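Quick setup: one chain, the form predicted alone, written in structure tokens, and binding and motion questions come after.
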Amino acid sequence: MTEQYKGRVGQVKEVTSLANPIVKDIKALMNKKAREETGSFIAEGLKLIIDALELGWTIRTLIYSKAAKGKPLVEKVAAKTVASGGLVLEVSEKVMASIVRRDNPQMVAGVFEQRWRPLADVKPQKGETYVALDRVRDPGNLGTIIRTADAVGASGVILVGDCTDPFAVETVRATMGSVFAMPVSRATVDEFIAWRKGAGVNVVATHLAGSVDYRTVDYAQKPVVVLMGNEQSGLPEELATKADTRVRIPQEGRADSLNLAIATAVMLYEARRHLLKLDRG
């Protein structure tokens, strides 16, 4: 981030020029390199921003279009941003559209600090479910999976290997705000395998060579990690062989595979169904 950006905290600033250096810094967050260097990302929509603040996330910059000025909730969020030392930008519609790269953008957006949960801090307890994703590449798939994990009451998402960025704007959009509620960890393949050895978990992987119907697995004896492979190539053998059970999702029509996000949802809901039955005695 530029020195102009760093120095303007706890302020409200009106911006109408696309050449403004603060705007350029925010727009740069569309690129993974800038997100990694700054530890920041962009989220769109007033509801998402309110949810994030309620969950304790740190907002660095609030951006709202002139059309949103004076709206009570926007003013409330702006006051919270300034009080926490953040920057508030009131921008033109043209500037807002350029920041989020959309013709009809939300009237409010925010720049937040990224939050990663170290894998070493993930200590699964009985009754918990996690999803581990190997090299997921599509932002829409990852965002939908994070949203689904949140919906089913999972305890976290673990990204294994070279995955798409959960803080890319496309992924954040697809999570519909669940990125703020669902802890996300990341690991290399070796780190995940080492963690799995000491975590006391039941790793259930979908695999083309799976011989077990996913509905017949006992998900209730240990914390469950649902392990899903890459959209194109599935799980590599080095991960598949480390699973406690390799399963298949039966398909009776002409389709020979399911979309990754849908397959993950099927697995998560089945695992959670077993655990909920256990909770109910």
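Don't overthink the numbering: it's just position in the shown sequence, from 1. On a predicted model such as this, the values are computed, not experimentally measured, just so you know.
One more form of this protein should be noted, the form predicted in complex with a small molecule, which is absent from this view; the next part is about it.
Trainee: Can you pick out, from Arg147, Arg173, His207, Arg196, the residue that has a heavy atom within 4.5 Å of the small molecule in the model of the complex?
Mentor: If I apply the 4.5 Å criterion carefully, the residue I get is His207.
Trainee: Scan Thr61, Ser65, Ser40, Asn230 and let me know which has any heavy atom within 4.5 Å of the small molecule in the model of the complex.
Mentor: Of Thr61, Ser65, Ser40, Asn230, the residue with a heavy atom within 4.5 Å of the small molecule in the model of the complex is Asn230.
Trainee: I'd like to check something about Ala263: if you look in the model of the complex, is any of its heavy atoms closer than or equal to 4.5 Å to a heavy atom of the small molecule?
Mentor: Heavy-atom contact with the small molecule at 4.5 Å: present for Ala263.
Trainee: Applying a 4.5 Å heavy atom distance criterion, does Ile249 contact the small molecule in the model of the complex?
Mentor: Residue-level check for Ile249: yes, a contact with the small molecule.
Trainee: Are any of the heavy atoms in Ser257 no more than 4.5 Å from a heavy atom of the small molecule in the model of the complex?
Mentor: The answer is yes: Ser257 has a heavy atom within 4.5 Å of the small molecule.
Trainee: How about Pro223 - does it come within 4.5 Å of the small molecule in the model of the complex, if we only consider non-hydrogen atoms?
Mentor: No, Pro223 stays farther than 4.5 Å from the small molecule in the model of the complex.
Trainee: Choose from 115-123, 154-162, 199-207, 80-88 the stretch whose residues reach within 4.5 Å of the small molecule in the model of the complex, heavy atoms counted.
Mentor: After filtering at 4.5 Å, what remains is 199-207.
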